[in-house]
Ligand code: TRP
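What follows is one chain in structure tokens, specifically the form predicted on its own.
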């Protein structure tokens, strides 16, 4: 907890929020494992981070308000396991008085006796200056296996009155015949509050995909420019962006599709609010750590993207300094993902920072796994 708590306190200072509540909540998520020495192996090989830390930080730049601080975490049971960690998550939410009305409507779908995969549920905590913390959960649609993920997520959306919207997203965002194959349902996510703007989100991981494949998925959402999404992927992934005019759907049949991302997958997420049959927002996530040689290169790619969307890169440098003192060219993975959020409720960019509590991955030679 000393390592993670110190990083969190410094990040709170970066975004201008008091660290008391965030540090208390983080301690609650970690439970007794927060006092475990880092010289020992992780109590649980969490998939939240590459070094199996159960925590990942991120800074979210927003068009209409100051940057926010986020924590993605896996709550750990006394004796960690997928099921014990799920129980610990529910205990944490109850202890903090978090509304679980929508979660309760779908909980039994994911709380299975013998869950498959590395996790069943993760937590997100969001801290905005002057506001109460916000909570979100991420369920694993593959707890019954990849082949059942579509039916499981479909039932979850159906119970929330969003079955039609779910089918539209899957039909149009997933490559034909690839549901559970190259296109996998990564997360089914819920905001844990009862306000009308509470979100339901579906995340799709596009394995061995091109920027054109992700642009196709982005086209599901009205008002989102697929060419802009493809351009973001290419810039973050180290490709040369195509010269496409804004508003041109680009990526037409017969055009060169560009490089295939064969490392960690590009990810799409679709945001629904209220009872709409159409997603209102779209985000793309580029796992930048898979496509750079070191974190200096990752920063070099992210800063122009922040400039492009008129966000202050100073927050990035201050965030990096808050979590590490090592030279950026001495490792890779500190900057884990970079994402672009389009459409309501909060368009902007997010950069995800690994705590590197247990390991710093060494730099790797180029070229990276983009073919």
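Fair warning: this is a prediction, and the values are worked out from it, not measured in the lab. Residue numbers count along the first chain shown, from 1.
One more form of this protein exists, namely the form predicted together with ligand TRP; it is left out here, but the text below deals with it.
Peer 1: Considering ligand TRP in the predicted bound form, which of 59, 49, 340, 302 comes within 4.5 Å of it through any heavy atom?
Peer 2: Filtering the options by heavy-atom distance leaves 49.
Peer 1: Under a 4.5 angstroms heavy atom criterion, identify the one residue in 157, 139, 285, 282 near ligand TRP in the predicted bound form.
Peer 2: None of the others qualify; the residue that does is 285.
Peer 1: Would you confirm whether the three residues 72, 122 and 289 all fall within 4.5 Å of ligand TRP in the predicted bound form, going by non-hydrogen atoms?
Peer 2: Heavy-atom distance to ligand TRP in the predicted bound form: all three under 4.5 Å.
Peer 1: Which is the contacting stretch out of 146-154, 259-267, 177-185, 101-109, given heavy atoms within 4.5 Å of ligand TRP in the predicted bound form?
Peer 2: Among the listed stretches, the partner-contacting one is 259-267.
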